[in-house]
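The chain below stands alone, shown as structure tokens; this is the form predicted on its own.
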Amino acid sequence: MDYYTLGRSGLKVSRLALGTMTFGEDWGWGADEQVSRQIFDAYVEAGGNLFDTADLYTGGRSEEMLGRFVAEAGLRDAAVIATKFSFNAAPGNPNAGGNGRKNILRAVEGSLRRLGTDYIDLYILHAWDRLTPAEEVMRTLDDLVRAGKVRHIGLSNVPAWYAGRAQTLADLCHWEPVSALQLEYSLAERAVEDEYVDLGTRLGMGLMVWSPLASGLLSGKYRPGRDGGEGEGRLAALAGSGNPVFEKFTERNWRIVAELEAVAGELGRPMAQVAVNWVANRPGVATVLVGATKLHQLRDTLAALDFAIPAELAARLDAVSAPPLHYPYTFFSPAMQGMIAGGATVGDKPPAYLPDRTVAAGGVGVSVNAEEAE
């Protein structure tokens, strides 16, 4: 397993992170404790060190199981534990959710208790609440870092302008900076390319990708059907639930699935491996969250970075999944930029301007690409 520094921090994380939303069966799907432990062990054996959970996941069971697995394996120093806050588990109490100071301080104590640890390596705001000023969030998170309860901080599912303001406040006020942006990114969901890739690389926030398989769509287990799609899994079970994360049965996405299947066939690789490989090698991506409900699923996915996708095949995937260009991004096209530059060739510094470098960390060779790490 290779490791990248996360954003502009010195925290070294494996390029594949273990998502533990499937730890526990409290939501009607997921893996029981025995299978979850097997998944955990297989990931550790492969060299992974970044574990992602949230106080919301399976009603807190995910945090409890992860904390116990880490402790029993004696891995607390080696493990990088990321957990999240924002969602409300106490209906009727508006301050038991959201991103205000009161809830953050409440939530962190609950996560520490369930994880069985006295500090969290990466504490992440789970979703923008449309209310709390970035000033309050960032000051509170900085207080947690100064208190030793949190090591690094991140943002997930927030507007780009909000993340930019948060990082600017951190710079100006000498608070703990944002090291990670945890966002959905896959062949089926490329909206982050409009703003977040440049935001992360320029302001020092590494992208943590969630749902690289589009909730299982890109694994190949679903096929078009009369009601949109057919197959067994979360997408089929939660279709029509109103959650946009699970509304993946579209004509565009079926075209992507068909091309992905063709490319995977030419490579002799499972579709899931090709899909994860594609997103893991996109600019700005520091790590990709992978999860499973069965051990063989994880073992297959862990081989996703053992090969390279040839340029001509990657171009086919790029083309079939290319998102439509909306205003104002139409003004940033090569044609429009040529008009601005008067026809001259003007570009930003190429990746080679920032040379690759390799550092040693605890006896492990850590490959750090300057652009992707920042």
Ligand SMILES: NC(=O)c1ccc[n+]([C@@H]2O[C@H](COP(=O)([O-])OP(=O)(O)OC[C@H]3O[C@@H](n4cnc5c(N)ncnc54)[C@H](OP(=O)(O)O)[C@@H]3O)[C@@H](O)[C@H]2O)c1
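The first residue of the shown sequence is 1; numbering continues from there. Because the structure is predicted, anything quoted here is derived from the model rather than measured.
A second form of this protein, the form predicted together with the named molecule, is not displayed here; the remarks below concern that form.
**Q** Using a 4.5 angstroms cut-off on non-hydrogen atoms, would residue 157 count as touching the named molecule in the predicted bound form?
**A** Residue 157 belongs to the contact set for the named molecule.
**Q** Mark residue 293 yes when one of its heavy atoms lies within 4.5 Å of a heavy atom of the named molecule in the predicted bound form, and no otherwise.
**A** Output for residue 293 is yes: heavy atoms within 4.5 Å of the named molecule.
**Q** If we define contact as a non-hydrogen atom of the residue within 4.5 angstroms of the partner, is residue 43 a contact of the named molecule in the predicted bound form?
**A** Output for residue 43 is no: heavy atoms all beyond 4.5 Å of the named molecule.
**Q** Does any heavy atom of residue 192 come within 4.5 Å of a heavy atom of the named molecule in the predicted bound form?
**A** No, residue 192 stays farther than 4.5 Å from the named molecule in the predicted bound form.
**Q** Given that the named molecule is left out here, which of 167, 219, 86, 111 has a heavy atom within 4.5 Å of it in the predicted bound form?
**A** So the residue touching the named molecule in the predicted bound form, by this definition, is 219.
**Q** Which of these residues, 279, 214, 80, 180, gets a heavy atom within 4.5 Å of the named molecule in the predicted bound form?
**A** The residue from 279, 214, 80, 180 that makes the contact is 214.
**Q** Spell it out for me: taking the named molecule in the predicted bound form, does every residue among 250, 318 and 321 have a heavy atom no farther than 4.5 Å from it?
**A** None of them does, since no heavy atom lies within 4.5 Å of the partner.
**Q** Select, from the options 254-262, 142-150, 167-175, 284-292, the stretch whose residues sit within 4.5 angstroms of the named molecule in the predicted bound form by heavy atom distance.
**A** Single hit among the candidates: 284-292.
**Q** Quick one: which residues from 124-142 get a non-hydrogen atom within 4.5 Å of the named molecule in the predicted bound form?
**A** Residue within 4.5 Å: 126 only.
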